[in-house]
Each structure stands twice: as C-alpha cells, then as structure tokens.
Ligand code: 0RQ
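Here's a solo chain for you in structure tokens, the form predicted on its own.
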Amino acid sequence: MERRIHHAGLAGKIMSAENAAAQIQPGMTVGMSGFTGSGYPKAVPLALAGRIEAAQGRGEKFALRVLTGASTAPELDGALAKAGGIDFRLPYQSDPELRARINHGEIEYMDVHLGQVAQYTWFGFLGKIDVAVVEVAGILPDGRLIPSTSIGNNKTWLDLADKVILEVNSTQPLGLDGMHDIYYGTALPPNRQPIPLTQAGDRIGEPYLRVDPAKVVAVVETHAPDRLGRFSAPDETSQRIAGHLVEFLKQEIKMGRLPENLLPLQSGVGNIANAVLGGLRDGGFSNLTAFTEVIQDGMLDLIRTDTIRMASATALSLSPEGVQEFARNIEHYRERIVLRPQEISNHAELVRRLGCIGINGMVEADLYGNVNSTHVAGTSIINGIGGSGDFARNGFLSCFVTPSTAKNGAISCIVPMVSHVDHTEHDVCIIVTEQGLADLRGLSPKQRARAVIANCAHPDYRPLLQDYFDRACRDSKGKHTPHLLGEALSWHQRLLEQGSMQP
C-alpha cells in the first residue's frame, strides 16, 4: 500500500479502524465525509457498526446523531442503520436500509437544503460536533490534508469537531491534488463579507483542508474505491424530456434572454440529468460552464470533449467506467474541474450572482407549479431535497423534469395538488415531461394550470386534470387559485387504497 501520510505526528497516530471507532461513544454527534456516494469513510463506520451491534447484544443502547455532506454508501449509512446505530440523520440519504427505518419511524431524519448545513452548524443550531470522521487522499508534511473525491461539509466538521478521525485512502488518485478550492473566508453575521467569486472557475481559497493535529485522535489507512453504480443509458422518455429542454434553451438564445454558451449549469443526479447533458452536446452547444454540486458521467463526457470548459462542484459521482476515465486523463480534468465545500457550491449568493440554470428531477408537480421532490403520497421520504432548493430559489432559471407517469401508468406525476411541497410555485419556472414543456414564467395561477395540463400531462390523465380544473374554476369559492379541497388529494388516496391513481 502506498504511504500517503507525510506528517510525523499524524503518522504516529495510525491505528486500526476498530481502535479508531472506540473513540466514538453512545449519544455523540458525528460529522462524516461523503457526498452522493463519494469520499465517504470506508472502514471506521463498519467497525463502529460492529461495536454498536456488540453493545446492543449486551442490552446497551448505542445510537448516534450522524451528519454528512449528502448520501454515502452501504458501508456507512447502510451498516449503521442496520445495526440500529443512528438516532438522527441529516441532510440527504439514499440507502434503502436507512430509508426504510426512517419511514418506519425508527430514525429521526431532518431534510434540509444542502447549502444551509454548514451555516446551521456554525450557528449552533445542530449542537456540538463531538467527532469528525473524514476521508482524505493524503496528508502533507505540514499536516494539511489533500481532499478526496468529495468535500461536502468536511471543512466544517474538521473546524468544529472536538476530535478528528482521518481515513487516508490510497485508492483515490493523487492527481486530485490541486483540484480543490477550500474557502476559509466565511464568517458569522454580522461580520460576513461578499464572497469574491464572479466566474464558475474562480479559485478563491486554497487546495487543502486544514486540521489542528492536536485534535486528530486516529489515522486509519484504507484502500477501497467509492461504491458507485452504473447509470443506464437514457431511454426514449429521458431523451424526449432532454429534447424539449434543449429546444427551449435554443429558443431562449434566439429571444436574447440567454447567451450562446448559456449560463452556468446545475444538474441534479440521475439518468434524465445525464440525458439532458447529452442533448446539449448533440445540440451543438459549446464553451459551457457548470456551477453544480455533483459531476456525473454525463458532465464528465462534456468536459472531456471541451463542450464544458469549466465545472465547479463539491463531488465526483462517477460510474466505475467514469472513474477509470477520470484517473486516466486526470491532468486534463484538473485544469477544468474545481471541487469546493458545499457551503460554496450551493451558496445562494453565488447561485444568484452567476445566474445558474438549475435542472432537477421531481416526484410530482401540481396544476399551479408546486413541486414535490421528496415524498411518496406525502408521508414517505425517498431521498431528500438535496441542493435543488438552493438553485430553484436563487438561480436564473429553475427547471424541473420528470416522466409524466410512473409505475407503468398507475401514477400521474402531474396531479391536482402535490401531496408534499418542496418548491412552491414562486420558485418554479419550467416543468418538463416527455409530453412537453410548460413555461410558467409571467403567468397567473390559472394560466399556469392550463399550460401544465396542455403540455405536461399524460394523455391518460389529461382529461381528468382538465375536468378537475374546470369544476374547480366553477365551484371553488376562491377563483384566484381554484381548488376542490375535498378531492384535491383524492388521487393520492386512490393510489394508497387501490394501487393506482386511475379512477
């Protein structure tokens, strides 16, 4: 194993994952690295889960408050949840075991905008951080840390935690050195100053994370890859959604509302997002920039071909093939990718200044443009709001995309009223399904409803939506945003009772 630890004092703290995990006691708040399956600690959480299972086998309660950057992997979220070791979790998750326990009421979960986690921690809203467990790619002779494939909230955990456990992962390429930009100029109100970033690729900080060596209680050497899955090729539905959005962006250029190289792109996670990025490449766009949270395979391909000349993010979330491509041409990517803390990648001030174009998925939208990104039938969490709200409220354009139906047509993703609201009608500009695109800018509620029904609803559900809207316009006491409150959520009730929204 390649030695990555060049600070003598920290090299003296190398120990097993089991001994490091012994530093974490029941009831502690632990800040862990990890963002969309990359840069998470690989060994200590597994050792900790084993310790928790042993304690609970003796009848001892052992659970933690776990804070991360975003979703992690089975070795962290899955293992700790299965062991019954998580009492509270934030801010975003995707592990099936963890999700099931949240929805069964066994784990408390706080869904929060990713751009707010660091400042909430600094404000003291989340309590004291007892231990930070952070993966890095290496330790320099002066004790500074080479960040891994994600930064997330690592700066905040390292700054505020009483104790620090470092995992040094020799699988992560040393070519990451120099790709990061850690800004240490944030402050608490009323002492804040403007963040001096005016272009997506600006470097305003330093390439390394700082840590007080006296706080480091353990260093664990690991050699394990990020566990990231493959994305399926875009299907016809995703390609149609991408086509509608790309054509819309071309029209915005013709109208003079966007420059030819657009504005910095923010793209959510998933196959539709990758399809949209592929559509931009095939549509002849060039000289693009991105100011986003995650770089996936679709965006990496645009960077490889210089369709995107500069991309800013907080994490790399690549398939195994994407990881190989990244490592093989890392010199090319290091000149075109900047990885930042998520308090910067998702900062409202910067999103608004740069005029980002946000493209995010959703569960459902209603007639008036309210969007549910997180819940099934209003009660069961899927993953979380992630960074979509950071960009929807503050960006130049907020676009939400989804197939018009789910579960083989049993569910309409356009409904009379969403069962949970993550993004209000005030923050939603564009809704896109494979059926078409509804431009909601400058429209009143009833005008929005007509646009959504005509352009986005599936033909199997369009007459039902039109009937509901017509009767609401006639019978609703209030005519500004007409609703029939007695049946606004009846579609979801049918789904729960009959397994389909169809009457």
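Remember, it's a predicted structure, so these values are computed and weren't measured experimentally. Sequential numbering from 1, following the sequence displayed.
We do not show the form predicted in complex with this ligand, though everything after this point is about it.
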Can you tell me whether the pocket in this form is open or blocked when this ligand is overlaid from where it sits in the predicted complex, based on ligand atoms within 2.4 Å of backbone or C-beta (3 or more = blocked)? open
Can you pick the stretch from 432-440, 468-476, 45-53, 32-40 whose heavy atoms fall within 4.5 Å of this ligand in the predicted complex? 32-40
To verify the annotation, which of these, Ser319, Thr222, Asn271, Ser286, has a non-hydrogen atom within 4.5 Å of this ligand in the predicted complex? Asn271
Pick from Asn360, Thr149, Ser312, Asn153: which has a non-hydrogen atom within 4.5 Å of this ligand in the predicted complex? Asn360
Heavy atom to heavy atom, is Pro213 within 4.5 Å of this ligand in the predicted complex? no
Are any of the heavy atoms in Gly201 no more than 4.5 Å from a heavy atom of this ligand in the predicted complex? no
Ser345: heavy atom within 4.5 Å of this ligand in the predicted complex? no
Are any of the heavy atoms in Lys407 no more than 4.5 Å from a heavy atom of this ligand in the predicted complex? yes
Site check Tyr92, Pro403 and Ile411: each within 4.5 Å of this ligand in the predicted complex by heavy atom: yes
Those residues of 359-398 which, in the predicted complex, come within 4.5 Å of this ligand by heavy atom: Asn360, Gly361, Met362, Val363, Glu364, Ser373, Val376, Ile382, Asn383, Gly384, Ile385, Gly386, Gly387, Ser388
